[in-house]
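A single chain, nothing else alongside it, follows as structure tokens in the form predicted alone.
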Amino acid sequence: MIIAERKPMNEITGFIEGKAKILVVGCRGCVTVCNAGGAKEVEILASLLRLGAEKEGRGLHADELTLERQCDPEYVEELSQLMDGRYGAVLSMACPIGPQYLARRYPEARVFPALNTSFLGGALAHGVWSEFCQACGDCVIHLFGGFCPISRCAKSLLNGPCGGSEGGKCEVSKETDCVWQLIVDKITADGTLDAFMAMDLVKDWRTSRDGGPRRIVRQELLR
């Protein structure tokens, strides 16, 4: 899933400076799961902004709404009755795909991102997330024992551990497992080490790096 974090409050308050009425829009997708942009976080941010404005002796009307997803036109359309120019700013609490969708659908609105996307990953424990994927296309983790050296190696090495790894830990942080140690342990246990050593580990980056924004078209879903 997409892991995101709320932008610093001073940056967000800068977005709405001089605005008397704003809309804070959340998303029930990935950012809800990682506790960054769901209904609870929308309520907290709107409350903080109201309190901040009150301390400064000015009024701020902050409406709250959380969509099922901000990356789907069907759900973005639910804002159509609200987006009539009544808001001086719209704060999107979604990954940066969300504010792009809102800005495209409602060009008259001033849309600002309230979150920063950190990475694609998963939970290690409650409140702890780690990166597992860089969405580089042409996934080859099956060649590496089910681990991704592109995202989980600090140097994205495809040809084995660097000289800085020690004791199964990455030189960048002793709290981070060297993914190449995990790879070697796995393929050794699987009995596939010899076959691995005989492979030509070259990745075709054209599937992710060439031709601008990527697009997928599923013909069977078109209507």
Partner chain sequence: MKGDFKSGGRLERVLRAGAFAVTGELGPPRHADPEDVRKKAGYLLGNVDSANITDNQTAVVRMSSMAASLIAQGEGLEANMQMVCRDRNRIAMQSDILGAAALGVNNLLILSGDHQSFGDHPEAKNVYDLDSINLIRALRDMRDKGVLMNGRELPEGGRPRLFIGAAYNPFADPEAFRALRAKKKVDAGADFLQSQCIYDMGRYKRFMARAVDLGLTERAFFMAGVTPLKSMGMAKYMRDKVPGIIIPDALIERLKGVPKDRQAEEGVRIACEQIEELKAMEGVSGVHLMLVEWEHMIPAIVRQAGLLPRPVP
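Basically, rigid core = biggest C-alpha set you can superpose within 1.5 Å across the two forms. Positions refer to the first chain, counted from 1. This one's a predicted model, so the numbers in the text were calculated from it and none came from an experiment.
Although not depicted, the form predicted in complex with the partner chain is the subject of the following passage.
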item	value
Contact at 139, 151 and 189 by the partner chain in the model of the complex, all three, heavy atom at most 4.5 Å	no
4.5 Å heavy atom contact, residue 177 and the partner chain in the model of the complex	no
The partner chain contact in the model of the complex: residue 33, any heavy atom under 4.5 Å	no
Residue 161 within 4.5 Å of the partner chain in the model of the complex, heavy atoms	yes
Post core alignment: residue 173 C-alpha displaced by 2 Å or more between this form and the one not shown	yes
